[in-house]
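Here we start with a single chain on its own, the form predicted alone, put down as structure tokens.
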Amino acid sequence: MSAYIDKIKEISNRLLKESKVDMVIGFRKGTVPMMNEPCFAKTPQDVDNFVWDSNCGINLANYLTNREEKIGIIAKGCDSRNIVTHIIENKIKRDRLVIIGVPCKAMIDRHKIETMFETEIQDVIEADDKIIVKGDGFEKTLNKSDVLQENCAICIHRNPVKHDEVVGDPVEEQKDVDRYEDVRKIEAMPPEEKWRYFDDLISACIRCYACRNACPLCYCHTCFVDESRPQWVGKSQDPIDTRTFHFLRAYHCSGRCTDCGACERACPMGIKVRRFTKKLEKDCLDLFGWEAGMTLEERPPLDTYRSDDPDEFIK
């Protein structure tokens, strides 16, 4: 991925110098390992801060909502699909964007790496297909393929679906990947076991809303958990309130989620939040042949009526 950064900087510099954009949204090195941060470059000098590696897992489409500026944005496969969703849902206009596509070679899972070490990780270096982890008195080399984010390990849309510029040749898409093995295992459980499964899954939730805040789809002016007139759900860690939050948030993402993994990456408790959205993603694919963010020419199934919809009750 290191070869990408020179091209990212070159394109970003050109766009800013030619005044084709007011800013370019990319990444800069984070203050802690494996946590690169969004960076808004408004001058060619700001572009010098840009980085690109396997720690750029945040979905930058999250920073486009309702903006009026002319914006350049760095977009890997899932980011580009969320940009498409933003355009379809009128949250950003296509003519306000210059999409700089990055063929993605997968992001690493910081939670997975952190659990491998008992002491603080001070630096993480990427070298081809190896990840070198350093700390006080230790250094260990890991295979990148062993520490990928789960969504990246099963991703079949690594290349940006829409772009105006591109920083490299397309990467080979994964074939014969079973994206829903975990979903089918849950579907096969009896109701009582499913209930216990999801209760255990979210038992560690502290209601910090990091998953919501990181999600590029959660842009409601007032989230249902913040409504007070009427109050739809309590804000405590009561199990019913917590369960309601996770299930309703997942349904709000139904037919829109691109499985970018931003929710799981942001969760401080390491909760597998994607267990909710993956089921709904599978249902949309099975029932409607729909994958979110793949085209600007068709609207999502849940905001579209078709006479041949599979459920008889809506005819």
Partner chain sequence: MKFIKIDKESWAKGLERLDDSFRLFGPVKQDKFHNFKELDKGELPDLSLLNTRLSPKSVVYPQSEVMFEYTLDENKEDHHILKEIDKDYSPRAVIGIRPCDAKAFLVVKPNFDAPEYKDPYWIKSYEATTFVGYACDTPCSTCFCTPAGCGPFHEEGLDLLLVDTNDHYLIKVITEKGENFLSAAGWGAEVDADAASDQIETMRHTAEAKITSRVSTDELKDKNITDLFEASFWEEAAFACINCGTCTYACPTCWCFDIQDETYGYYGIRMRNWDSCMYPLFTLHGSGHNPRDTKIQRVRQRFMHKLKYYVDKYENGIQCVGCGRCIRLCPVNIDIRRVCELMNSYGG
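Numbering follows the first chain given and starts at 1. This is a predicted model, so every value here is computed, not measured.
Although it is not shown, the form predicted in complex with its partner chain is what the next lines describe.
Enquirer: Which residue, D164, D226, E89, E150, has a heavy atom that falls within 4.5 Å of its partner chain in the predicted complex?
Expert: Checked against the cut-off, the match is D226.
Enquirer: Only one of A266, C284, V47, C56 has a non-hydrogen atom within 4.5 angstroms of its partner chain in the predicted complex; which is it?
Expert: Residue within 4.5 Å of the partner: A266.
Enquirer: Among 171-179, 155-163, 230-238, 142-150, which stretch has residues whose heavy atoms lie within 4.5 Å of its partner chain in the predicted complex?
Expert: Flagged stretch: 230-238.
Enquirer: Give a yes/no on whether H252 approaches its partner chain to within 4.5 Å in the predicted complex, heavy atoms considered.
Expert: Flag for H252 set to no.
Enquirer: Taking any heavy atom pair closer than or equal to 4.5 Å as contact, tell me whether I108 reaches its partner chain in the predicted complex.
Expert: Because no heavy atom of I108 falls inside 4.5 Å of its partner chain in the predicted complex, the answer is no.
Enquirer: In the predicted complex, does V51 have a heavy atom within 4.5 Å of its partner chain?
Expert: V51 lies outside the contact set for its partner chain.
Enquirer: Hey, in the predicted complex, does V84 get a heavy atom within 4.5 angstroms of its partner chain?
Expert: No, no contact at 4.5 Å.
Enquirer: Since the partner isn't included here, can you check whether its partner chain sits close to all of K7, I11 and V124 in the predicted complex (heavy atom within 4.5 Å for each)?
Expert: No, none of K7, I11 and V124 comes within 4.5 Å of its partner chain in the predicted complex.
Enquirer: Which residues, if any, of 82-119 lie within 4.5 Å of its partner chain in the predicted complex when only heavy atoms count?
Expert: In sequence order, R110, E114, T115, E118, T119 come within 4.5 Å of the partner.
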